[in-house]
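Here's a solo chain for you in structure tokens, the form predicted on its own.
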Amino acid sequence: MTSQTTTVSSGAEKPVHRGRHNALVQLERFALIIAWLGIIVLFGALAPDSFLSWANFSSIFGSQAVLVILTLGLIVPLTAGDIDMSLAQMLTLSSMLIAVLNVGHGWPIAAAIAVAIAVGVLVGLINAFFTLYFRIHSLIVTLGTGTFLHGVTLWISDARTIGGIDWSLVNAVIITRFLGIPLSFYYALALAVVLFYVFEFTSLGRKALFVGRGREVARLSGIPVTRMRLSCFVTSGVFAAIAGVLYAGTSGSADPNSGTQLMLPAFAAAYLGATAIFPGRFNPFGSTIAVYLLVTGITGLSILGIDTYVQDLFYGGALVVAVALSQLVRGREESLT
């Protein structure tokens, strides 16, 4: 009798433990959204008139589209196990090319944008060539490439800000609004949806994930590792170029030093986003939410009159915490599989 009772008892406990585990997994998936809502409630209580205004949220959503696209470009090579440190400088070069060609040489804005995106493809190919052919770590290669691109940007711009970009681009990016939010936000959201579809529903995305988890195992499984990593570098270059197009359209000008300050926030958002939606994996929706969570917090602090140096403290601290959390989550996910 005793043994039978014990058996029934342990069997009844299994669904309970399983239910608790599932609840914790769901909580973890949406913890970032809950934290974002918590920040909104906090600053909304502290400064309801200015923080909770629709104009404030419209500004947040529209102004950070560039950072969202840059972060999306960053998570593509990160998924395949590579790091692209040249993205911010590619963004700057892209916006400067548009300004120089459109303002300085009178090119149509569409042609200038096409050149900028083509240069993004070229930079991705260069990063892939030196990383894959010479087997140099991607961090070193892209750091050098980014520095080179910064030099090119200073050269073609004479180290000065160039304004007067075709108004049609500004109108298509920031002036025209839907539901009170600039179109730039919807461009970023569309790219996030496309990237999500590629990662979740195509063999290309699955292969990139396998390559990032273990290149040797992926190679033995018949996955073309070199081709996958090359594709990821090119994709990140294109995303950075698109971010540069939006930056030029947002400000109507190009600053040769504009992109440098975006690299740290992009990394913070990428790693923080890897703790949500699909914990343990770099994912587009998690990264997008992370961007707006971080920016919402900084905006709230700014409204309260906190000094601007807090932004660096916020992003720097967020990056360290995000990397630590993402590693813990990834380690746990791998131990469960």
Partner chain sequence: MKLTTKLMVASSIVALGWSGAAGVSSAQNLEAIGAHVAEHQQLPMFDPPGAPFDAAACMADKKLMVVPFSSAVEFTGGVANRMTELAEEIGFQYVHYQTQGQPSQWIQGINQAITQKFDLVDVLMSDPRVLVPQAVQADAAGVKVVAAHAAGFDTAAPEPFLQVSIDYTQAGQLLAEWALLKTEGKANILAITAEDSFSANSLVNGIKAATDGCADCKVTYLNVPVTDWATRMQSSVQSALLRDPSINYILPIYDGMAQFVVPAVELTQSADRVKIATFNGSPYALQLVQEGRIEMDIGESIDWVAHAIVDAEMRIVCGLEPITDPKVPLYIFDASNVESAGNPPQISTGYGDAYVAGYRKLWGLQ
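Positions refer to the first chain, counted from 1. Because the structure is a prediction, the values reported are computed rather than measured.
What follows is about the form predicted together with the partner chain, which we do not show.
Not displayed here, the partner chain is kept clear of N283 by more than 4.5 Å at the level of heavy atoms in the model of the complex. When contacts are judged by a 4.5 Å heavy atom cut-off, G38 does not count as touching the partner chain in the model of the complex.
The shortest heavy atom separation between G62 and the partner chain in the model of the complex is within 4.5 Å.
At the 4.5 Å threshold, heavy atoms of A55 reach the partner chain in the model of the complex. Residue heavy atoms within 4.5 Å of the partner chain in the model of the complex occur in exactly one stretch of 223 to 231, 155 to 163, 72 to 80, 109 to 117, and that stretch is 155 to 163. Among R219, R177, R206, R213, the residue placing a heavy atom within 4.5 Å of the partner chain in the model of the complex is R177.
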